[in-house]
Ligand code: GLU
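Quick heads-up: it's one chain on its own, the form predicted alone, in structure tokens.
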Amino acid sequence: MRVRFAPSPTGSLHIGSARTALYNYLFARHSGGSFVLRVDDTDLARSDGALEASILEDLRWLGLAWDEGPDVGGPSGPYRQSERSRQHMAAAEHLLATGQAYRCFCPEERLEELRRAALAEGRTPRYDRRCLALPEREVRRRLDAGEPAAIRFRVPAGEVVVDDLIRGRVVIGADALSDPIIVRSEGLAGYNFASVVDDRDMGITHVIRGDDHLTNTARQQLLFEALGGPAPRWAHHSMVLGRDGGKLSKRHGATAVGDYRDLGYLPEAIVNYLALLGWSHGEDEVLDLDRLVAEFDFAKLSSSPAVFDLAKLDWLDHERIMALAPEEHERRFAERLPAGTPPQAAAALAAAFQPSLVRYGDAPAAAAAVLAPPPAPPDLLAVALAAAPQLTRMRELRAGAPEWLTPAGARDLLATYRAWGKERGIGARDLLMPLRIALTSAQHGPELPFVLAALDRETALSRLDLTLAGNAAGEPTPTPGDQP
């Protein structure tokens, strides 16, 4: 079994395209076959080497390693279509010689007129085959004169039947097809033709892609037959839609794999979620790549469109975060924090936020709420100021403790603080709420032992002093030497 994923380097790797790559990868690994990466860069004006590199990096990040490709080589190279012009032209010459293709001299202006006229009459635009009837002598004369000419494939009459592994028997009527340009006038092969020649030469046995390619598949199946080779088996999975039912696009939010990486999602969660889009998989939903490989089956893929649900992805990512070893979670959390963040603070906050974290891109804001909080609003400051005796006692305790507390050490310190309050009839709320406000300017947040462990002694004392200094005048207490 040999499958291929053939992205065009004219944009970033779309999340829907990543799903296509994933299905190809899963099928190849499940069947013990080969996963080929080919770059379809026949659109030279828009193709970009930097985008190609970005697509390959995104695929690596997802864990979808390929067996053959432009960077690793293989027996069927080259793996960039722009480097396969010789193979494309040889196949086009064969079709010309056998009467299955013909030269077309029609300028772009005439083709545009045909298109507009057909649309105005409610018809599907089709080429009228004007150049099909040109005598060979006339064709040769015009070519010798240097007149530009494309090469068109002569679509045979009748409907095309596609035997699809997901959709079953699909019939495409002849009226949906027109004689496609297989080689443009500048000598470059068009998408459909280049794909067929390359799939044939690379021995691709199965083509797995979105159902928006069904009309292309009809043309490609005819081209395979014209070239004398068997067509691969086809499998057209459903499209990914936004919640409004439209094709997933930027108006729905992030659509590129790189966007989700920047937002801090785990690649395992992205792969897990993409696999489940349109895959009937029973009650289990948190699945690793090995299990997805083992259980991949075309029969379980739905032909109905799949709706991208960000809340479901967030849930899966959170489940993945919770399953990480503490050291791995701490590393991922810390690498998102500003340079210079003390490791003790990063470790404490990583532990504090693991139960609630949805994606690692949220780590900087979560940490900033403790490490760099805004000033407390007046109503909360009043709550803290009303508990000056409690805060003064906490200041004494913190001053006598080590520079950095572990979460366990912070729990012990808080236990001493609460015992002191209990002796004086002060409830937990009146002890802890003012302390939280003094340290974070907020009523709610991570557990206080993690807050205390995230702040070194000097910072904690400074915040307590600033709160207590506002007890009389709402301003810092003057120090010796200040002007009255």
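Sequential numbering from 1, following the sequence displayed. Small disclaimer: the values here were computed from a predicted structure and weren't measured.
We do not show the form predicted in complex with this ligand, though everything after this point is about it.
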Which of 209 to 217, 390 to 398, 93 to 101, 279 to 287 has heavy atoms within 4.5 Å of this ligand in the model of the complex?
209 to 217
May I ask you to check whether Tyr191 falls inside a 4.5 Å heavy atom distance of this ligand in the model of the complex?
yes
My question is simply whether Asp40 lines the interface with this ligand in the model of the complex - judged by any non-hydrogen atom within 4.5 Å.
yes
Just checking whether Ser238 would be counted as a contact of this ligand in the model of the complex - the rule being heavy atoms within 4.5 angstroms.
no
Indicate whether Ala6 is a 4.5 Å heavy atom neighbour of this ligand in the model of the complex.
yes
